[in-house]
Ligand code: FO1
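Just one chain follows, in the form predicted on its own, and it is written as structure tokens.
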């Protein structure tokens, strides 16, 4: 049984690759970038995995539903509302149904299972917690929700700090804890380590469970050299005082992880990473298409013995 901690647009690629090879995959999803907008509860990381496994994900954007329309947003613009968060019409229906179910007493875990059934997704997608966590970015202009910082303001301002509001008190989803405990291998997907994977590691019960089985935990680097394959991972790492390369990532994960997959272009870092008592595996980690996704998943499953 494989368990993946997933968040961000990079995670869905390795998840798609893994479900091709493995019949039973648990995906523990980040909830730190969930966001209330127009009275709707939006869960970008959960929905990206659901849409990706349902084969309806907009591949070009990396989120949302392919060939979606945006009449809802056009009408919101007419009403004078801000439309910086690009919710498509079909995507809005997902968010509306979720919000109504929450208001009627359902928790996020149950709603996510229901969504998977509706989208014919067989993999088990588990929100890391049913409690609220907000990843917030502190800048010289104040504090912003991650979505506001990255999507609305395009990540322009220098970062002074990153907070995970609610993470300290959040109760880990018991199903997520069991999925880690019972796994033959746990994979930390190549999401942004501070805003996609980081919020989950801030939940004490999750970090504690991973540290117990760290020999089975494999991290996939989202960086090549000093740069992220996509997104602002390097910028966030630098702001947090972490070396923005595979070594910095390995050091950040060293208490919960004993194996890391890096790109072959980063072979020069192998000895340095090994000094952290972490096994290093190198291959091509960029996943530009389905063939590359399957190849990386196959490499992890066949070459790494935990």
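Here the structure is a predicted model, which is why all the values come from computation and not from measurement. Positions refer to the first chain, counted from 1.
Not pictured, yet referred to below: the form predicted together with the ligand.
Note that among 243-251, 39-47, 263-271, 277-285, the stretch whose heavy atoms approach the ligand to within 4.5 Å in the model of the complex is 39-47. This chain appears without its partner; in the model of the complex, the one residue of 86, 136, 153, 204 with a heavy atom within 4.5 Å of the ligand is 86.
Contact annotation for residue 147: at least one heavy atom lies within 4.5 Å of the ligand in the model of the complex. Of the heavy atoms in residue 209, none are within 4.5 Å of the ligand in the model of the complex. Although the partner is absent from this view, residue 130 stays clear of the ligand in the model of the complex, with no non-hydrogen atom inside 4.5 angstroms. Contact check for 160, 193 and 236: none of the three has a heavy atom within 4.5 Å of the ligand in the model of the complex.
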